[in-house]
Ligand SMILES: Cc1ncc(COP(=O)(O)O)c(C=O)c1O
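Below sits a lone chain in structure tokens, taken as the form predicted alone.
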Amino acid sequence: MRQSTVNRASAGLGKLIATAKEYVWPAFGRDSTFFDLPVSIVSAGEGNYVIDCYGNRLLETNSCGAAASLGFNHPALLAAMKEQMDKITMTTPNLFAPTEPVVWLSEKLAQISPGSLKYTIYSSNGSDANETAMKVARHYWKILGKATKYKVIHRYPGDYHGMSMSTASASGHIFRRTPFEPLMAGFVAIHSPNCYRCPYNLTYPGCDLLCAEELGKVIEFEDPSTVACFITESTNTGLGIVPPPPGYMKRVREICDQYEILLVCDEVITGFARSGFWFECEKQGIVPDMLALGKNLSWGCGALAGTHVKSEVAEVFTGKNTLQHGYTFGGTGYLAAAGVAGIEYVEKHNLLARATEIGKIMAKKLGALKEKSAVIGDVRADAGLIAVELVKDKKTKELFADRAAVAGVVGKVGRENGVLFACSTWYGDILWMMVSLTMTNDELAMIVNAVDKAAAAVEKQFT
């Protein structure tokens, strides 16, 4: 028997949680006990704050997984979406034709991206965008008469490109790969750079960028005539906001050019002003062959993603070689309208510069906490990409024995101080933050205060 809207609205908190436990299969490795936790069911959002079903109002430090970089329910975005929704809500009325906002968003992307990146094919999420890029790469080489180039090189650990079988095969989160083995053939992994925990036990710059040179060595071992593309983030967000060493991405670009391999940069998280540039590839001084975009393509307003491609690549797909690929909801008009409105808002309010300023503020203040704390091992703050890595021993970088318990304390202390933290335990206890570009200095101070108190609590309980 279906419960009416009125009955649902009047149902108590206990009923809501019990119903969630009975019918909702929570994502990302959680079970039904998740619904006993604060912020497991969200009631509303207000600017940079989220309100849960328990009535907690918390400053959101992760921008909803880096998707809501202008905060929640931004008036400019809502107005743009409503205007388009009043016209048509569906994505493609006939033969998957774009609505007008999709055209204007495509033009805007070409204007703000570097080099000859120009054409965009749309999808619904970052997994789709990355999978599209890999399909484009394989088809591209077939068109050029090099059909043996099919392999995809990716990085591990950390680099995360999505949840489909192909993107899981191209990702470095071991715990998100092994349950679904055997994975797809043709995917080859190299080490991710991590200067705080170098996989080679070397130190920059004496390492001579061995992490980048490994790419060339693996290409040669696999045979360049079999490799289609290298897919990577610049800053490895899945490893805990780990930026590459200086010169790494430029060397990667050179190696890809040397061996005729397409470079795919996954900027689903790092794109759209997060790095202080429209796209982090520009900050790294390179132009990839393809950009995978999502999350902030609609500024967190809904499922919109895209694969942004160089003209030299896209323009070979003509005649009998057109790309046989697309999605029913690939390029929803009202979300594209939000995308355009968000880009214009960032431009109008100079939020690229604000992202850089946020990084400087947080690097200074969190760096000061690191100096006095016995458990803050590393601080990585680069514009709107911020991480605090907690360790049991700063000298040895030893991890805590019970990382989940440490993360639980961090979350609890954060909430007690009005802040919602995401503390991952994948590769240590890493408090990773991708704060809103609209966050005020007072809100940044709230975060620093909560980090300070959380670190003190961890030190007291676990050292």
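Just so it is clear, the model here is predicted, and its values are computed rather than measured. So that there is no doubt, residue numbering starts at 1 and follows the sequence shown.
The next section is about a form of this same protein that is not shown, the form predicted together with this ligand.
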Practice item. Run the contact test on T356, K365 and D382 with a 4.5 Å heavy atom cut-off to this ligand in the predicted bound form and return yes or no. Key: no
Check your understanding: Out of the stretches listed (126-134, 252-260, 144-152, 328-336), which one is close to this ligand in the predicted bound form, meaning heavy atoms within 4.5 Å?
Key -> 126-134
Check your understanding: Between the options D289, E233, E280, E389, which residue brings a heavy atom to within 4.5 Å of this ligand in the predicted bound form?
Key -> E233
Review point. Of the residues G240, P243, G342, G162, which one places a heavy atom within 4.5 Å of this ligand in the predicted bound form?
Key: G162
**Study point:** 4.5 Å heavy atom contact, V268 to this ligand in the predicted bound form
**Key:** yes
Review point. Taking 4.5 angstroms as the cut-off for heavy atoms, does R274 touch this ligand in the predicted bound form?
Key: no
Point to revise | H308: touches this ligand in the predicted bound form, heavy atom cutoff 4.5 angstroms | key: no
